[in-house]
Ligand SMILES: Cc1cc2nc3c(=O)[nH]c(=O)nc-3n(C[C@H](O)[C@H](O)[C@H](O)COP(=O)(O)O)c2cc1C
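Given next, in structure tokens, is a single chain: the form predicted on its own.
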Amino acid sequence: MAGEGSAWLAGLEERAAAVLAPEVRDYVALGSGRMVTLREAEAAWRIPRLAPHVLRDTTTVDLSVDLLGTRAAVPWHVAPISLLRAVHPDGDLAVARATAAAGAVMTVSSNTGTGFAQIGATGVRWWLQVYLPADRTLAGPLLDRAVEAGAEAVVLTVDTPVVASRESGGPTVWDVVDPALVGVNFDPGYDTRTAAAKALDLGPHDLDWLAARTGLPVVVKGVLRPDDARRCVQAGAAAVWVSNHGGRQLDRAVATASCLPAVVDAVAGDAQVYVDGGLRRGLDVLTALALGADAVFLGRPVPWALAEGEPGVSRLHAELRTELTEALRLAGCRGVADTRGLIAPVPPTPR
């Protein structure tokens, strides 16, 4: 089973590319600029080395983690991804149902083409991802709809004051996508308002505003520096999410695997720390947990799996469960807490 799972996960992107429209495939797969950051993401998780425990009873392995004060069945969750209905007609609902069955949390893009109430009705635990506009009050109705539909947290994306350029020689997904597949939870005409442009003046005060407006914990997504992480905690963030936007924003930004430990140290247990970017396999999840992450979030693997419909997303969760359970046993870990300290010291460079 483990071998079959590995082969299935390894072929996700290739199988998705074969069935997706070219514009949708490129939207999911590509990054900004020369895609330096994107290309480094996966390999960065293979650099740390693990020092496994032995003589440990791993008959029972517990994958559950605390997530903002509530227990989640697994340590991997779904990052915000737009245009899921362009990947598959069932889109967000298929992902929500499969994610609910796995006991994971789904972060819903503010630009989703599915109503928040429909997503909430699946029973999935879900958080809302937002960008704040120049006029913060324009975000109010969207936030209110999310709270009413059962969102459990707000994830403020802070690494996108502007959308980075991509080197594309042909039509993009935005040239071909049906407008009905995006932004259905915004007020009509939202995008036509000048003040709806992404805010260029985000600051710590925005965390207070979001928390007061929604009554929900605020997670800050897009943090790579330890000093910024500390500022987020001081501003009241419930969690700091280490992310470089999947290599879709500032190209040549550092890989998340490289900067995760420093962010964990800076937060010093005063908030949770999450990470995304290049995580593909159970060993990647184990490595992230060993480096101090409280949970990890999956980006591209989700739409790749969704290309096979809801069964594909269900299998993604199942295969990760199989791989991570095996990896924990091989590392002598009975649960996530045991992964701390697995990272082996870096040996000195030979002279």
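Note that the structure is predicted; figures quoted are calculated from it, not measured. The first residue of the shown sequence is 1; numbering continues from there.
Keep in mind that the form predicted together with the named molecule is missing from the display, and what follows is about it.
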property	result
Proximity of N185 to the named molecule in the predicted bound form, heavy atoms at 4.5 Å	no
Heavy atom of L320 within 4.5 Å of the named molecule in the predicted bound form	no
Contact test in the predicted bound form: R248 vs the named molecule, heavy atoms, 4.5 Å	yes
4.5 Å heavy atom contact, G278 to the named molecule in the predicted bound form	yes
Heavy atom within 4.5 Å of the named molecule in the predicted bound form - the one residue of A295, L298, L286, L316 that qualifies	L298
Heavy atom within 4.5 Å of the named molecule in the predicted bound form - residue from L306, L67, V28, A290	V28
Interface segment, criterion being heavy atoms within 4.5 Å of the named molecule in the predicted bound form, picked from 95-103, 124-132, 265-273, 224-232	124-132
Stretch 68-83: residues contacting the named molecule in the predicted bound form, 4.5 Å heavy atom cut-off	A79, P80, I81, S82
